[in-house]
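Let's start with one chain on its own, the form predicted on its own, as structure tokens.
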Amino acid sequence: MANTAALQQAVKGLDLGTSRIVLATLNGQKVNFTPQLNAFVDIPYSKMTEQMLTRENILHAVEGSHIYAYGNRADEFAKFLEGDTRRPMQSGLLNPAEPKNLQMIELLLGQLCGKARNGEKLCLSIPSAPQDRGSDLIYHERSVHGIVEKLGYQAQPVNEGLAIVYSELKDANFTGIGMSFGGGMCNICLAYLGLPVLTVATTRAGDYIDHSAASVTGETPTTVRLHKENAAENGFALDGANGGAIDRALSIYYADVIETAVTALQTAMAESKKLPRFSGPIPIVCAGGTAMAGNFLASLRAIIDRTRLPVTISEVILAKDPLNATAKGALVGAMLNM
């Protein structure tokens, strides 16, 4: 592995998530994280609006009679316009219903990562293929790989679940199960000594919770998501007993997401013919914004305990920094391959 000073100039890690994109870089011994909301809004063009966006340092692009405001403050405009943001990605992959998907991803990555210097390496997270969507994953991976290379980087992919293992399970010799509960997917990886044994993904994750809860409460998905995030700061937990209609709906769909993920893991392990012989129980580490709700780990542990997995689980823990663990793992992956 190269020395620290060289690494600082040579590697970056990128979590290319459905809801958020996070860049990880080295600053001495510290890892810095820079996030951007992976969303945009379409605003009618006016000179005054363009000047206001420029004055407020809000990321935007002008195209004919439209202004596209994108990144971290796009939600402000969606709420003001009483609508939803547009999303370049859906269920972990490029959104086929969004004609500007690649254009907006290119704008976001250009702003976040900048141009590469001297052949920098950028390791970016790639999801596992959901059932029957293998060709979609190929298109997604090659398209974003091309954008990163266009910026001048040496692009290197890492499975999102494996990135969680790289980020959190160094003391376990990178052996265990990483589960990334993001906005578009739950990505799971069983790793042995840093090598992926199996990977699996489900499309029931944060967006599924938001859209499902919105459907049964009459709210917009953006309203539900903002409620969920604000409630989490105030102690939202997965029981819904003392909350209103939104909290009750959220608890129901959270439980569905957790059960779907554990069932997918059980099925993948049962079908695998190459499970290694572990020397003892192995840990599960979770990351992603969806995993941060109160009682999430207890709910996950309860479902695991009543599910017959072919390995013994030692503990179920939350990443030290759940929102940034994938980006950190991508950075570690780049460093391990220097």
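On a predicted model such as this, the values are computed, not experimentally measured, just so you know. The first residue of the shown sequence is 1; numbering continues from there.
Form predicted together with a small molecule: not shown, discussed below.
The listed set 121, 133, 100, 228 contains one residue whose heavy atoms approach the small molecule in the predicted bound form to within 4.5 Å, identified as 228. With the partner omitted from this view, the residue of 219, 141, 207, 247 that lies near the small molecule in the predicted bound form is 207 [heavy atom within 4.5 Å]. Looking at the small molecule in the predicted bound form, residues 18, 92 and 293 each place a heavy atom within 4.5 Å of it.
Look at 67 to 75, 142 to 150, 106 to 114, 174 to 182: in the predicted bound form, residues with non-hydrogen atoms within 4.5 angstroms of the small molecule sit in 174 to 182. Using a 4.5 Å cutoff between non-hydrogen atoms, residue 283 does not count as a contact of the small molecule in the predicted bound form. Contact annotation for residue 166: none of its heavy atoms lies within 4.5 Å of the small molecule in the predicted bound form.
Taking non-hydrogen atoms only, residue 10 never approaches the small molecule to within 4.5 angstroms in the predicted bound form.
Although the partner is absent here, residue 316 lies well away from the small molecule in the predicted bound form, with no heavy atom inside 4.5 Å.
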